[in-house]
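In the block that follows, a single chain appears as structure tokens, in the form predicted on its own.
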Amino acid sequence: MNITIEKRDGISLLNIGEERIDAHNSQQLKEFLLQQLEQGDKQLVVQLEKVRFMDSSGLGALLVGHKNALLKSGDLKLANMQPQVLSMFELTRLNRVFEIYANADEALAAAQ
């Protein structure tokens, strides 16, 4: 999975470079998120600008990351979500679980 990390004021900004998060790569995303949390990154912002499709396994991977961030007194926020991906979050009501921001700057400001 293509993920780049940028650190800003102690917050890890994760840029997902995939167009799809599905059963083929969601396990890699989950493992990556858990690895970041284990390394001590407690504040994560996941940018989903390039993601055009996400299935239930992708939602599950983000949910595992979110839950584990909370267990470590951290947080996982989402930013730059495409409309079709946002509709998946709304249909599953996960938009009530995650903090979703229009862009990374808003998410970073909220994380501080």
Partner chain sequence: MSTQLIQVDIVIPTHTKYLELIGNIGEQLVNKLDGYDGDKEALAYHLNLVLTEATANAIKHAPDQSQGTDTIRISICIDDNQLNIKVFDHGQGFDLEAVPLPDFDQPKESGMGLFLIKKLMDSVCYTKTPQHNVLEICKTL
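The structure presented is a predicted model; accordingly, all values stated were derived computationally and were not measured. Numbering follows the first chain given and starts at 1.
Beyond the structure shown, there is the form predicted together with the partner chain, which is absent from this document and is the topic of what follows.
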Site check Arg20, His24 and Ser56: each within 4.5 Å of the partner chain in the predicted complex by heavy atom = yes
ask   = Can any non-hydrogen atom of Lys67 be found within 4.5 angstroms of the partner chain in the predicted complex?
value = yes
ask   = Looking at the partner-bound form in the predicted complex, is Gly60 within 4.5 Å of the partner chain by any heavy atom?
value = yes
query = Is Leu91 close enough to the partner chain in the predicted complex to count, meaning some heavy atom within 4.5 Å?
reply = yes
request  = Please run the contact check for Leu48 against the partner chain in the predicted complex: heavy atoms, 4.5 angstroms, yes or no?
outcome  = no
query = Which one, Leu44, Leu29, Ala79, Val85, lies within 4.5 Å of the partner chain in the predicted complex by heavy atoms?
reply = Val85
